[in-house]
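Take a look at this single chain, the form predicted alone, given in structure tokens.
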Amino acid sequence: MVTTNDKTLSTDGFHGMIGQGKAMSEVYRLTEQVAKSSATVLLTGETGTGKELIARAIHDLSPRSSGPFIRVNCGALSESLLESELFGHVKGAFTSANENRTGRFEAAHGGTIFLDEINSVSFHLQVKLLRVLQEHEFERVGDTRTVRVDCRFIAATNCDLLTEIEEGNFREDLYYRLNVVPIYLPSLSERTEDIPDLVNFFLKNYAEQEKKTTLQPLQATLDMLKTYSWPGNVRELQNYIERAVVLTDGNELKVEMLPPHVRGMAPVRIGKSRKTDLSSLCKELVSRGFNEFQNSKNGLHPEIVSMVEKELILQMLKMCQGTQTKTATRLGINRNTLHKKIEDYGLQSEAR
């Protein structure tokens, strides 16, 4: 089953995952292989790539499948609440601790615990997590009695933990304890060959939910979807397909049913001036460049080209949410070339 946006969608894919392209086939292979072991797994990839689905698949395919699968979103709780959530607490440990509480690690005994957004855990808690990973033991908050647990650890992150280590935000020893078996979940823009299967899957399921005829995607629509950068990955695609099904009474999924920004147009921004396309942007920059650089010794052309290039890179970085790999792909240039231009134009704050 695929569960997103509080809705459950039926699927015959790999444990809720849709797509049979090369990138996803490798993910499935690794998932099946690592599930047989008890090794700790680190799932990496952008938000919306299906990390929780793979975590559940590892659990379901493992010898621990009859045990509990406990998910903890580490980024959704403050440090104090997360500590109590993970390790539990005893009565009187803090002001609102009116009774003993079992933590998530204890609840996962005999099964699997999935620590999502592991990068958001504080340094203090990282020390305690490292001990649980190494020794399989801990103390509840406010208690001195040691609790031992037997559970499998799966962690997930949507950021580069090595960068977090370099910036002093993440412990290197914890990283290597988590990164026993890494599995990278590719972004949707890295597996565009799966878009037709995903589109047909969502069209069928939302047609059933809305009691409508299933829309047939036109080839032009699929081609357009394959050129978009998909910063929101599969969840973003799902939302657009649901919108099309809800708002359409016809039989075909046409290009004009897609949001403007997917079709290469600027998104509608309330209270913002709109530039409808690249042509109008270039005209504005040429005009501005003529006024600013009319006395340039090198001539107008190189100055204006640089201005247009800078603006184009800036806009593409914003569309790709600062992801340089996606931006370089969309621009059709090498990532190293993009990195140099970002430095030349002072666009580091827009890139991640």
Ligand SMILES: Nc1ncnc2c1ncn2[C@@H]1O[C@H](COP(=O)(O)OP(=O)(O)O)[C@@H](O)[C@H]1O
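No experiment lies behind these values; they were computed from the predicted model shown. The numbering used is simple: start at 1 and walk along the sequence shown.
What comes next is about the form predicted together with the named molecule, which does not appear here.
| Distance check, F202 to the named molecule in the model of the complex, heavy atom within 4.5 Å | F202: yes, in contact with the named molecule in the model of the complex.
| request: Give a yes or no for R191: in the model of the complex, does one of its heavy atoms lie within 4.5 Å of a heavy atom belonging to the named molecule? | output: Contact with the named molecule, yes.
| said: Residue-level contact is defined here as any heavy atom of the residue lying within 4.5 Å of the named molecule in the model of the complex; does L198 satisfy this criterion? | reply: Result yes; L198 sits at the interface with the named molecule in the model of the complex.
| said: With a cut-off of 4.5 Å between heavy atoms, is R235 one of the residues that contacts the named molecule in the model of the complex? | reply: Output for R235 is yes: heavy atoms within 4.5 Å of the named molecule.
| query | the named molecule isn't shown here, but in the model of the complex which of Q324, Q315, S38, T47 has a heavy atom within 4.5 Å of it? | reply | Contact with the named molecule in the model of the complex is made by T47 alone.
| task | Pick the stretch from 29-37, 47-55, 316-324, 62-70 whose residues have a heavy atom within 4.5 Å of the named molecule in the model of the complex. | result | That would be stretch 47-55.
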